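Listed next as structure tokens is one chain, alone, in the form predicted alone.
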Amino acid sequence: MSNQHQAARIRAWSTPIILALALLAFVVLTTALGDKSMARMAAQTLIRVTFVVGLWIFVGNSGVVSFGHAGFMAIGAYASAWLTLKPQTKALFLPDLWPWLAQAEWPVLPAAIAGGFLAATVALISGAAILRLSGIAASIATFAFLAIVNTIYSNWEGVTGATSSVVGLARYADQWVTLGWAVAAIFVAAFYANSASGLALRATREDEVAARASGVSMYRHRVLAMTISGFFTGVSGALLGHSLGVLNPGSFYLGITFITLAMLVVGGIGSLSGAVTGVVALSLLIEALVRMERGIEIGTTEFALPSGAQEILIGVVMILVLIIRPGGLTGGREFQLGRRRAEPKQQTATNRGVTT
């Protein structure tokens, strides 16, 4: 391997290391300088990082916007609840569970992993059907998938509790547990992005016709990316349930779908660094606005934003960011050690063709 290739590999792997260290610093600062509410905010932020990085594995590499990943989040969350709740609680609130599931009482870590694998399996099956479509048709199909999952989980009363909240989940997903999963998601996302499948999938994103002519199987790589993506979004659902201690189907519908897509777009959909940056930036903004709605003291005067101002100001900030920086806060670039030399345009265009 030439020195140039070695340097390129080092630069590529410096991205997840930089992001992991940045998240570690974020957790240390919020833990040391903040109160319990700041620690909870850090945990919620890292759960969003796990979700959005999982979403980026598919959306960022394929260029297909998915509105259905909150469905995988719900699948992972409820699977973890079925496996970890006490049998007495399940008999009371979820009486129609299968006997072996009703008696199961797993530790939270293997339950979260199992929830991720179940979400990945559903992602594989649904992706095998949905990803035969392209462009806006595929995006609409993912939204239809989300609506199906939400309808099932909102009405399957004996198994999911329907619109009644499922309570009693162990609250173990603190800022350190969620940090571990967020870092794991970042490294897997970086590995996939630099793999042959990730490079081939991005080739289809840049020029679908040229990629097909080069022998790239767009369908196969999209399904693989969807499956890996489904695992981490499923795990993020399990983490959310074990952070709040309660589950409700409404938590995994339009609200979380649009705020996480907004985080991805604001940070920069074209890069892993953008996905993480968007989550942290908007999470800090949301926390600041929530505190301002509750009221803050400036000198002898108490200042409070009117109710509902949080959503309006977040929308304004998002519009301004996208006007000023259409490529997101990172401009689609990765955080890396060193700089790449500028390549001739002709050579860059030639290198876009990837074969598998």
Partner chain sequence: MGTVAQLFFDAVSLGGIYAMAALGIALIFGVMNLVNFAHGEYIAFCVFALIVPSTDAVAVMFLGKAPALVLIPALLILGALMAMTSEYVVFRHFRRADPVAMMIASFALGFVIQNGLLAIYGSRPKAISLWPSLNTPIHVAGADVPLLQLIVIIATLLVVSGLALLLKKTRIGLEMRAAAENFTMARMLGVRANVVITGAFALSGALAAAVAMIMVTQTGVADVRMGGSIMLVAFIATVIGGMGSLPGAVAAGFLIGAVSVLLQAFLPLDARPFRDAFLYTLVIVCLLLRPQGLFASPNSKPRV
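Positions refer to the first chain, counted from 1. If you're wondering where the values come from, they're calculated on a predicted model, not measured in any experiment.
Not pictured, yet referred to below: the form predicted together with the partner chain.
T227 near the partner chain in the predicted complex, any heavy atom under 4.5 Å?
No, T227 is distant from the partner.
Report yes if any heavy atom of I130 sits within 4.5 Å of a heavy atom of the partner chain in the predicted complex; otherwise report no.
I130: contacts the partner chain in the predicted complex.
Evaluate W106 for contact with the partner chain in the predicted complex, applying a 4.5 angstroms cut-off between non-hydrogen atoms, and reply yes or no.
Answer no; every heavy atom of W106 is more than 4.5 Å from the partner chain in the predicted complex.
Partner proximity in the predicted complex: A91 to the partner chain, non-hydrogen atom cutoff 4.5 Å
So A91 does not count as contacting the partner chain.
Listed residue that, although the partner chain is not shown, lies within 4.5 Å of it in the predicted complex (heavy atoms), from M292, L322, M38, L29:
The residue in contact is L322.
Among the candidates A190, V280, V265, A200, the residue which, in the predicted complex, approaches the partner chain to within 4.5 Å (heavy atoms)
When the partner chain is considered in the predicted complex, the option within 4.5 Å is V265.
One stretch from 108-116, 168-176, 152-160, 83-91 that, in the predicted complex, holds residues within 4.5 Å of the partner chain by heavy atom:
Comparing against the partner chain in the predicted complex, the contact stretch is 152-160.
Stretch 198-215 - residues with a heavy atom within 4.5 Å of the partner chain in the predicted complex:
Result: V209 alone.
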